[in-house]
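Here's a solo chain for you in structure tokens, the form predicted on its own.
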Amino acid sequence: MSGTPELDDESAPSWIGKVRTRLERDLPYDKLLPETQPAYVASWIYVFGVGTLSALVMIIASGTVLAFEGPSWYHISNVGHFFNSLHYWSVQLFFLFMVVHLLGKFWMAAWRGNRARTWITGMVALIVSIGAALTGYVIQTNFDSQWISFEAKDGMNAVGIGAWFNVANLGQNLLVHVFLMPLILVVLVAVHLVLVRLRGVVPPIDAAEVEAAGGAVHSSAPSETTEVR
């Protein structure tokens, strides 16, 4: 006999083998790294998800520079002003693209075709992003952040969470903004992208033939697909 017999996740000898076989079964490479996409992905409504992801990358990159250099640099230095502005406008574009992406998928009923978890992770990512934006505004270390933090403090106290989360506490908000929120958001985005790959991008509501095929990413007809480059 030649070769090694394949093991399923039930008969694998160890938990490592069970995890490996489970991942190989549930996360096939042809779905995670597809070479073609349906022709309807060329529509502009499908661009805003990628735009949101691109803005997030720019936010993290510019925020990393700001974190290393510190407030005295980005409030006084011309280069610091540039990176501070780059971070700010990346956030504005991030929320613009995300809201358009959300609204577009809402009117397309993007939870169709067993895509509920994809929709849920996107919504939770939006909520986490709002928290990240709030903590970002209150750690600017200027008069704007001082006014925002004390106004937000009243709101936090009104909903009963002001006792353990104080928006006027610079150190607490700094750690939440530069570590906790980005970590949660990146994990959510990664899970969201994996689910999109596994379930495929949601087809238009009137694409009955695609829905009948289970919303598959690939298609045997060349005229119905567009190559990913």
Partner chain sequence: MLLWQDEAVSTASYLPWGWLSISVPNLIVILVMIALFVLALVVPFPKERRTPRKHS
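Positions refer to the first chain, counted from 1. All values reported here derive from a predicted model rather than from experimental measurement.
Form predicted together with the partner chain: not shown, discussed below.
Problem set entry | Heavy atom within 4.5 Å of the partner chain in the predicted bound form - the one residue of Ala190, Ala42, Leu27, Leu183 that qualifies | Flagged contact: Ala42.
Exercise. Taking heavy atoms and a 4.5 Å cut-off, does Leu103 contact the partner chain in the predicted bound form?
Worked result: Yes.
Exercise. Applying a 4.5 Å heavy atom distance criterion, does Thr64 contact the partner chain in the predicted bound form?
Worked result: Judged by the heavy-atom cut-off of 4.5 Å, Thr64 is well away from the partner chain in the predicted bound form.
For this session: Could you list which residues of 93-127 come within 4.5 Å of the partner chain in the predicted bound form, counting heavy atoms only?
Result: Residues within 4.5 Å: Leu96, Phe97, Val99, Val100, Leu103, Gly104, Trp107.
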